[in-house]
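The data below hold one chain only, encoded as structure tokens and taken in the form predicted alone.
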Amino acid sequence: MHQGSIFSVLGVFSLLSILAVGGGTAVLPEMKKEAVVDHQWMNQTEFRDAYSIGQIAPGPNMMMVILIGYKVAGIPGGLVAFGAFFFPCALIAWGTSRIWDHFERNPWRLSVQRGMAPMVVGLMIAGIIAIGRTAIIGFETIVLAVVVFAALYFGGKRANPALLILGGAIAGWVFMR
């Protein structure tokens, strides 16, 4: 367990929750900076591993926050990280949807949607690059990334992401020891 403050966990993940426009991946670079650089709760490899475990776990794809919080302050840290990351954004989404529905026939609503969509894509790409820099570290990892991308992009609904992650773990155990 890392010696950190549970209040730091609360502050970091509450702020990230509010900034997570477009989903948790959008704040991945900032989360990595906070966890690895600013607070030094974990190193890059541990962050990458937490992200991988969070992806294979059922539920929202940012369950990794529980692992980060647990590393900082044990079970209370994991619970605080979970609540801090998911509760504020859920509350904001609920409130925003009520306001959004109120302006359903307003022409500026579609304009705002059109402007926000590319911004969300940019935020998600930044998150992908942040994880890619720690996960793509050699020829084998490039091949794995290309295979998974091809399976998901061209395989449609036949490709099961959980099985691909499991396959990646097995490939890592066999080829990258």
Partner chain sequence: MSKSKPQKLTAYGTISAPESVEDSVHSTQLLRDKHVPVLEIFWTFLIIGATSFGGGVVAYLRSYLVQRKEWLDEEQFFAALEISQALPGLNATNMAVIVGDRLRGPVGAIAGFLGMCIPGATLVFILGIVYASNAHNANINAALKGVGAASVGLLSAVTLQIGHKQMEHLLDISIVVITIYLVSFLKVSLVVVLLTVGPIAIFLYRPRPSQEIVAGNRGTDRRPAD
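Numbering follows the first chain given and starts at 1. We call the rigid core the largest set of C-alpha positions that still match within 1.5 Å between the two forms. Please read all numbers here as calculations on a predicted model, not as lab measurements.
If you look for the form predicted in complex with its partner chain, you will not find it shown, but the lines that follow are about it.
Shown alone here, residue 40 lies farther than 4.5 Å from its partner chain in the predicted bound form, counting heavy atoms only. In the predicted bound form, residue 12 stays away from its partner chain, with no heavy atom inside 4.5 Å. Mapping the unseen interface onto this chain, residue 144 counts among the residues with a heavy atom inside 4.5 Å of its partner chain in the predicted bound form. A residue is said to contact a partner when one of its heavy atoms sits within 4.5 Å of a partner heavy atom; residue 36 fails this definition for its partner chain in the predicted bound form, lying far away. Residues of 101 to 117 placing a heavy atom within 4.5 Å of its partner chain in the predicted bound form, in sequence order: 101, 104, 105, 107, 108, 109, 110, 111, 112, 113, 114, 115, 116, 117. Residue 87: CA moves less than 2 Å between this form and the one not shown after rigid-core fitting. The Cα shift for residue 75 between this form and the one not shown, taken after rigid core superposition, is smaller than 2 angstroms.
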